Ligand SMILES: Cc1cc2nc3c(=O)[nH]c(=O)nc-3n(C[C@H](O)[C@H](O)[C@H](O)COP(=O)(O)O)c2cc1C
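Just the one chain here, laid out as structure tokens, in the form predicted on its own.
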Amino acid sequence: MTALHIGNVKIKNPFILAPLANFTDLPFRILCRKYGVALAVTEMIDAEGIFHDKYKIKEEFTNVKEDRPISAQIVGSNPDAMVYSAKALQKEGADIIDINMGCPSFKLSKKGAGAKILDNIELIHKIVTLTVKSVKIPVTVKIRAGWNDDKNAVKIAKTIEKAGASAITIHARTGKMKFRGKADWTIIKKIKKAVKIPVIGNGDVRSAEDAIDMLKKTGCDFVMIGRASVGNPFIFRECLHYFKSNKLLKPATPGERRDAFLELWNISKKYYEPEFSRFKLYSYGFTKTLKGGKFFREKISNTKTLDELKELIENSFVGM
């Protein structure tokens, strides 16, 4: 396999774990790496919160050798805060800084951040330029096809490249669409043709076939997978196998799902007490399509202690 790079960071294959709030914490990223993830991106880090000392950098970003290379994603519309947080994350050991200009949340939109910033090309250029100049590690930017429409998508991508970014991720929906409707992969193809830096495609990749299809149809260099990985780290193993052999793997068995879920539990225990709420969210992905999965999720919602939760995971996949 030809070596891939983002800036000076070597990436061993084309498959990247997307940043997902409430899901892609340290334990889940480590688990996904065991199944083939080449690069993982942290949950979104509020640059203003770091800048004004509302959040502690060591709590927002945990750096361990099992989770490398790691891209730390920051979000905000204040250039000073973005520069400050990027420098702090570099000091803590981030391999890449990723700037979020793609989150469509109402909370960020009110602040002119996330995907809403796509309406302000001058601010995009300023933030990327200053951030790139402030750190010695690669800076990447994640965008959408635009806020309301995609008429400026290529112009935005060129602006980001000119500002010095080492790669660009394009989620092929507009900010207004959020996660509704179908992702338009032609936008990824247009941007790939327009810029020389690596392009990471994102949106509607639900299987290994989708991932390889995106690589072939758009010419993108990497594929970023988000929601389809929740409770399903096996998707990366399937992508890598199909990419190398052009053959599809069989889906993970119920036993493999149980073992992976327990492994996530054990990894979590290694670093901090497992979060009840997260494991309830993960349970949907790990039991989706399994016979008895709905009953399992109903039972997990009624568990009261972490020990009960672990026992339920250990004993409930038999016969599913």
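The numbering used is simple: start at 1 and walk along the sequence shown. Everything numeric in this text was worked out from a predicted model, so none of it was measured.
Beyond what is shown, the protein has a form predicted together with the named molecule; the following relates to that form.
Although the partner is absent here, E263 lies well away from the named molecule in the model of the complex, with no heavy atom inside 4.5 Å. The named molecule in the model of the complex is approached by A18, whose closest heavy atom lies within 4.5 angstroms of it.
D204 belongs to the set of residues with a heavy atom inside 4.5 Å of the named molecule in the model of the complex. Contact annotation: F179 falls within 4.5 Å of the named molecule in the model of the complex, judged by heavy atom distances. None of 242-250, 191-199, 155-163, 222-230 except one has non-hydrogen atoms within 4.5 angstroms of the named molecule in the model of the complex; the exception is 222-230. Distance criterion of 4.5 Å from any heavy atom to the named molecule in the model of the complex singles out M44 from the list I50, L31, A40, M44. Listed residues T218, N100, S77, T174 were compared with the named molecule in the model of the complex; N100 is the one with a heavy atom within 4.5 Å. Relative to the named molecule in the model of the complex, residues F23, Q73 and K142 are all within 4.5 Å by at least one heavy atom.
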